[in-house]
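Below you'll find only one chain, the form predicted on its own, shown as structure tokens.
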Amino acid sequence: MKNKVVVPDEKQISRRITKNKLAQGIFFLATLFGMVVLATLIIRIFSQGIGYLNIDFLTNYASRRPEDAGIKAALLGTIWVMSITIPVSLILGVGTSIYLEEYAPKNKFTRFIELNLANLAGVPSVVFGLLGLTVFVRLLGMGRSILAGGLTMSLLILPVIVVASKEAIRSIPQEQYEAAYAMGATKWQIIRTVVLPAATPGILTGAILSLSRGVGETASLLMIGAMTFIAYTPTSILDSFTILPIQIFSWASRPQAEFQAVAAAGSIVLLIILILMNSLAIVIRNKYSKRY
């Protein structure tokens, strides 16, 4: 007996069209709301802080007088911390994802590790700050240094990179593995020449999101003793430090209107740094997306 083909009547078609338009409208309003909030924030920051954004603001240290305040120490501190965070988190994150996807046996213990990694991605940053304070600052004796801050930040963003890298590696078609094995390639040769290049766009997507979160983080670094006022430039990874978000928070918490404008100028610099970091990662990601 042949299956009957049910043809929807005009009312059903009309209801489906209405639901589709309703869903489209909701999604459009959600997108519009986000764009309006973002535009309002950018306009407010630029209108309030653009007057303080000049060469002196970039080359001066923090000051009790808003007209002399600058972000030199905070800017260099951010660069120092991220110069430790980026390589440590990428090497450990990608290495962990490669092991879990390519080498680790698929058993209950592995699934337990993967579950905990996914859960760690949602842990508040202050918890990682307490962990960094206990392990790096006190147990390993690093003190309130740039090294301790960079390693603490790496712990914060590491779960996101691991999860994103695992999904990127998992999405590679099995046919590419089989073709490489048919040509006599070893396991490591396949990972180096097939897996990593093909998974680079997905890995960089996760890295962009996690590093952007790291650049704007304050709670975890405040827990390990990052300074709110520094009048010198760090010269090594064992020096004390401050970063842009902490300096901006310090200015914004003051009641004077002038310091609110200085905080807005610092926010502009932080926004430019985020845009440059994301742009570089997107260029690399698009390059590999076209190739693979």
Partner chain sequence: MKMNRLAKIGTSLSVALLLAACGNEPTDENDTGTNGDTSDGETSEGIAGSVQVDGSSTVFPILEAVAEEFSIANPEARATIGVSGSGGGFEKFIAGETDMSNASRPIKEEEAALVEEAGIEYTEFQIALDGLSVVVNPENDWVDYLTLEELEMIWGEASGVTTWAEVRDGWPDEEIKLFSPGTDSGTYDYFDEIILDGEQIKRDASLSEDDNVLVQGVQGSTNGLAYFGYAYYAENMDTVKIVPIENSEGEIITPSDETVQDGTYEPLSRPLFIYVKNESMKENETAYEFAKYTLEMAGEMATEVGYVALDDSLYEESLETLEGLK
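Positions refer to the first chain, counted from 1. The shown structure was predicted, so the numbers you read here are calculated from the model rather than taken from an experiment.
What comes next is about the form predicted together with its partner chain, which does not appear here.
Colleague: Its partner chain is absent from this chain, but in the predicted bound form, do 79, 200 and 204 each have a non-hydrogen atom within 4.5 Å of it?
Modeller: The answer is yes: all three residues contact the partner (heavy atom, 4.5 Å cut-off).
Colleague: Considering 73, 86, 169, 142, which brings a non-hydrogen atom within 4.5 Å of its partner chain in the predicted bound form?
Modeller: Answer to the contact question: 86.
Colleague: Is residue 49 close enough to its partner chain in the predicted bound form to count, meaning some heavy atom within 4.5 Å?
Modeller: Looking in the predicted bound form, residue contacts with its partner chain do not include residue 49, since no heavy atom lies within 4.5 Å.
Colleague: Does its partner chain get within 4.5 angstroms of any non-hydrogen atom of residue 40 in the predicted bound form?
Modeller: Answer no; every heavy atom of residue 40 is more than 4.5 Å from its partner chain in the predicted bound form.
Colleague: Can you tell me whether residue 54 touches its partner chain? I mean in the predicted bound form, with a 4.5 angstroms heavy atom cut-off.
Modeller: Heavy-atom contact with its partner chain at 4.5 Å: absent for residue 54.
Colleague: State yes or no: in the predicted bound form, is some non-hydrogen atom of residue 193 no more than 4.5 angstroms from a non-hydrogen atom of its partner chain?
Modeller: Yes - in the predicted bound form, heavy atoms of residue 193 and its partner chain come within 4.5 Å of each other.
Colleague: For the heavy atom contacts within 4.5 Å of its partner chain in the predicted bound form, list the residues of 224-256 involved, in sequence order.
Modeller: Heavy-atom contacts within 4.5 Å come from 227, 228, 229, 230, 231, 232, 233, 234, 235, 239, 240, 250, 252, 253, 254, 255, 256.
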